[in-house]
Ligand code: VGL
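The chain below stands alone and is given as structure tokens, in the form predicted alone.
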């Protein structure tokens, strides 16, 4: 029997319209968060291991446009020969809108990412510099082979986390109806990229 796990990606105030977040993604109102709460609670009650990722940036993080004089939000710059999107400051360590919006008793562990000021970190498994989080170890310790992934945002952190899960040998399923993307075109592209990598896409659980 395969042991199932869940990764709930970055359900934090700064990514939601409900909390008027700095990087609010459309469709992340109170009703969406309640939908996530019910779904995650049901999975937990059914015996799934549930992990969360949490963006957790220092104030001087390299992805913040405010740390690049003369730049504005959503500019793209080269950092160490890689493209870096410059975001408004968000999910700064210790701030109100960096908090998880779901009941933390749902989660067996919370994996914080983006803590190194020098590297962005969309994936819950590793940052853009290749430094690995504890995610893989937590899953292996629990003998998890199959993963359900959902959260915010489909075209960034959900995609990166699911792709890295697949690369690490997990059978991943992304629940599109429990996720929201930044833009329709990049969300559609992300779903196709994930499908091409062997990740199953479901609208609902």
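Numbering follows the first chain given and starts at 1. If you're wondering where the values come from, they're calculated on a predicted model, not measured in any experiment.
A second form of this protein, the form predicted in complex with the named molecule, is not displayed here; the remarks below concern that form.
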The named molecule in the predicted complex has a heavy atom of only one listed residue within 4.5 Å, and of 172, 62, 153, 178 that residue is 153
Exactly one residue in 125, 87, 119, 106 has a non-hydrogen atom within 4.5 Å of the named molecule in the predicted complex; which is it? 87
Choose from 142 to 150, 35 to 43, 163 to 171, 52 to 60 the stretch whose residues reach within 4.5 Å of the named molecule in the predicted complex, heavy atoms counted. 52 to 60
Should residue 10 be counted as a contact of the named molecule in the predicted complex, where contact means heavy atoms within 4.5 Å? yes
Might residue 194 be said to contact the named molecule in the predicted complex, defining contact as any heavy atom within 4.5 Å? no
Answer for residue 23 alone: is it within 4.5 Å of the named molecule in the predicted complex, judged on heavy atom distances? yes
